[in-house]
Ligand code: NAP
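Starting off, we have a lone chain in the form predicted alone, written out as structure tokens.
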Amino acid sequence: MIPVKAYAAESAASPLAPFKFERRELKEQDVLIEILFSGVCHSDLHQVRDEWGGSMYPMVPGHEIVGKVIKVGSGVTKFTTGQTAGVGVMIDSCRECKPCKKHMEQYCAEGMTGTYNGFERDTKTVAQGGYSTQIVCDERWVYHISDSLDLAGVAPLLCAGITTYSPLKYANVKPGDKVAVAGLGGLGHMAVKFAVAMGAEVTMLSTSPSKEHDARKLGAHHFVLSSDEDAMKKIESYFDVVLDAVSGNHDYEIYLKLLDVSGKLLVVGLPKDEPKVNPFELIKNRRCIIGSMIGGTEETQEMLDFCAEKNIVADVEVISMQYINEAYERMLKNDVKYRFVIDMATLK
């Protein structure tokens, strides 16, 4: 077994604290990664505090992982020691169902195996995540990372990045398309960067006037205050795509109204309450609402290669492992631009 240092939550009410556990020995297809950076996703906070139900403790969160390969199993063909690699939201799936065979493992018929807070398929032990010094993972769910990019900024690409890249690709966003992004946070700021890089005309929609400067710095061509009824009226039936990254409760109708004929509302935000949908706004202009969840293994590598080509990384604030509980409190106040990333050297 491989001894590992980490930070874990012992219960829904306890702060994250130092924790030691053991990773499994490598199997033939496994890769051992020394973790350099681990992104902090809002879903980490949700699961640590059991806000979605079903949390298992002790829990080591983290599914935005970047590090160096330090050992490989005898059957590994994709990686060699010393290479930079990443692990994202999932570490396994059934591998046999229709989605898995199409490398869309996030839609596995049996349910994908999450990087943490789930049972590993072979050992039936609870998987532990990236707030740790090392991780063992089957090479299918390990990704090549370009050393030309800032590695701290790469970490959030493994969740926030693929979560926004995948629906934009599914919607076939191309040069000249009109794309609006609703919600400027960890997801929204990546959506702006991707849509701009894909050649779209990008508009940021926000309830906060103060975010216009940041939106334009990220590459947005336009900014519209979504609380301004007159401004929103002027852009009705204008966009080919609206990507909705808003996690607060809201009505989908305000964004459906903005879509042109055959327009697509891409939903990646997760409001607590069920959003309302006016069917008349759907049938007008033949609009549709499309949900999307991260991306499969092939698409995730495609996204990382795209980021290397276009020099795209997340905007991050690098923190020490010991700062994680304060970071969670700041996340609740939306006090981060736009993603916390843990420097795992601070744990050693």
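Numbering starts at 1 and follows the sequence shown. This one's a predicted model, so the numbers in the text were calculated from it and none came from an experiment. Rigid core: the largest C-alpha set superposing within 1.5 Å between the two forms.
What follows is about the form predicted in complex with this ligand, which we do not show.
Partner proximity in the predicted bound form, defined as non-hydrogen atoms within 4.5 angstroms of this ligand, places exactly one of 247-255, 170-178, 69-77, 193-201 at the interface: 247-255.
Taking the partner from the other structure, this ligand in the predicted bound form has no heavy atom within 4.5 Å of any heavy atom of residue 156. Interface membership of residue 43, defined by any non-hydrogen atom within 4.5 Å of this ligand in the predicted bound form, is confirmed. Among residues of the shown chain, residue 292 is one whose heavy atoms approach this ligand to within 4.5 Å in the predicted bound form. The closest heavy atom approach of residue 145 to this ligand in the predicted bound form falls outside 4.5 Å. A heavy atom within 4.5 Å of this ligand in the predicted bound form is found for one listed residue only; from 117, 84, 133, 206, this is 206. The listed set 220, 91, 265, 187 contains one residue whose heavy atoms approach this ligand in the predicted bound form to within 4.5 Å, identified as 187. In this overlay on the rigid core, residue 254 has a C-alpha that sits 2 Å or more away from its partner position between this form and the one not shown.
Once the rigid core is overlaid between this form and the one not shown, residue 72 does not reach a Cα shift of 2 Å, moving by less than that.
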